[in-house]
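Before any questions on binding or motion, here is one chain by itself as structure tokens, the form predicted alone.
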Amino acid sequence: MLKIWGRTSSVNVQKVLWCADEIGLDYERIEAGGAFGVTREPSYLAMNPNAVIPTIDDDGFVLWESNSIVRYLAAKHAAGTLYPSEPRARAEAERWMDWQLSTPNAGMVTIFWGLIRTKPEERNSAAIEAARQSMCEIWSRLDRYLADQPYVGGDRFTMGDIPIGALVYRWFNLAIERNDLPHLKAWYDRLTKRPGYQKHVMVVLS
């Protein structure tokens, strides 16, 4: 059985759990990271030298990096659906998976950690506000793209929606001022109808 190490409050773990549920996979989740520790234990470091989550073990095949795990599970179990078979369609999905890591991720980390995981008296308000302003512009890029299609990969839900979808939940549920992004909001609303998104992503931010 597939094993997934990671705590459910981690956005990177949420990606993997959501993907697994979209596919209908059976898996065992092992608590790790944060207050659960584990990631510095020799047995874990032997699997993932970065000492972060998530990590999976799929019948002896060990893999880390959340977006790589999503790609792997989709390719293995959902070719032609979550994992588009046509190269151009697949490239569309993968492009937005890479964009999630390269572009919005840093700003969202600053906002999330600043507001949720930092004591009020220790917050860097200037850094949080600068990140918020930056993210308003960054999310507007995806908003414009979604004006002409319902999902990041085109007309149907694919693996490309998973990494950004997990991150955008935080954007719409943090106590911040947001600009009007109707197409991004419509896409987000579509995601909220998915049972796996409801179960693994739409949780209390902590």
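All residue numbers refer to positions in the sequence shown, first residue = 1. Worth saying up front: this structure is predicted, and the values here are computed from it rather than measured.
One more form of this protein exists, namely the form predicted together with a small molecule; it is left out here, but the text below deals with it.
- Residues with any non-hydrogen atom within 4.5 angstroms of the small molecule in the predicted complex fall in just one of 172-180, 138-146, 31-39, 154-162: 31-39.
- Although the partner is absent from this view, Asp58 stays clear of the small molecule in the predicted complex, with no non-hydrogen atom inside 4.5 angstroms.
- The small molecule in the predicted complex is approached by Ile53, whose closest heavy atom lies within 4.5 angstroms of it.
- Residue contact check for Ile23: none of its heavy atoms lie within 4.5 Å of the small molecule in the predicted complex.
- Contact annotation for Thr192: none of its heavy atoms lies within 4.5 Å of the small molecule in the predicted complex.
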